[in-house]
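Consider the single chain below, provided in structure tokens and representing the form predicted on its own.
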Amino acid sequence: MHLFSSPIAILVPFIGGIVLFVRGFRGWRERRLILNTPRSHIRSMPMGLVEITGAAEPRSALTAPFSQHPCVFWELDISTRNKNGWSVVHRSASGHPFFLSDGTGVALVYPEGAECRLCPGVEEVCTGPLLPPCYSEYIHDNHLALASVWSLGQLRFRERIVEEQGQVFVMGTAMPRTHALTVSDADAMQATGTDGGPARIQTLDEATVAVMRRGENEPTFIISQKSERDLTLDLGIHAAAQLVGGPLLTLFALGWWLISITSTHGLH
């Protein structure tokens, strides 16, 4: 009984159960929102919360920090190893907007603030202070705090990307295009240019009917490489597990708390 008679030992699973339940509720709400939001063609999509699917096109030259692979969008995280597993100590993602085309029109996606659900990409675990250059340079260039402490143990580096012409599902807030992009835009001039460079950017801009971003009234904003069906299936499984597991964990903590109180009174 000594293990669970400690207030901290009881409080941790109690709070953890509540957190799991809240996350499960949010995940279930997000799943229902996706199911209840109709899919739209870009050309005819209404303003407001919409779902679109299309092929990603770069607006500017972009390479992933770790793999140096050309891409449309990237996200990464760095984790340290502890007794409970991996703990993420740094996250980052490219903020460069990119085009999404479905054959009917083009939308310009501003990914800042998006919940990204991308397929696994580069993943590597390193030990010790001598990290491969791609990782050590990233840590140095981004002035990451406590980098010297991280390097004393195991570090996990993960990177996920959206490649050019990759199929992407986006759920977010559609807004009217506020201004036309021109080839004089700094990042547009650095377009990859394999099929026309700035001229290609100009063509995509002319076909752009709206922008997609995180809304102020409805903050749900998802960028996923999974289809709507697979995404809602994953959300449903995880949400159901959290909605069931959270209360069970909280009840478990309460049960041990009552047992510890009963045992303490019994000793007296």
Partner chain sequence: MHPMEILVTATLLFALIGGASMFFSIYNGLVALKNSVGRAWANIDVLLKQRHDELPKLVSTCEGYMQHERAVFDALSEARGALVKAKSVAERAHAEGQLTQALGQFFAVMDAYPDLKANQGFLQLQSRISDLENQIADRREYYNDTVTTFNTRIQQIPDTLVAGWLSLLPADLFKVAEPDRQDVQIQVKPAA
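Keep in mind the model is a prediction, meaning the values are calculated, not measured. Residue numbers count along the first chain shown, from 1.
Beyond what is shown, the protein has a form predicted together with the partner chain; the following relates to that form.
Interface residue among His238, Arg43, Arg229, His69 relative to the partner chain in the predicted complex, by the heavy atom within 4.5 Å criterion: Arg43.
When the partner chain is considered in the predicted complex, only one residue from Ala207, Met47, Leu233, Ala61 comes within 4.5 Å through any heavy atom, namely Met47. Across the proposed site, Ala55, Asn217 and Phe221 without exception lack any heavy atom within 4.5 Å of the partner chain in the predicted complex. At the 4.5 Å threshold, heavy atoms of Leu258 reach the partner chain in the predicted complex. A residue is said to contact a partner when one of its heavy atoms sits within 4.5 Å of a partner heavy atom; Leu11 fails this definition for the partner chain in the predicted complex, lying far away.
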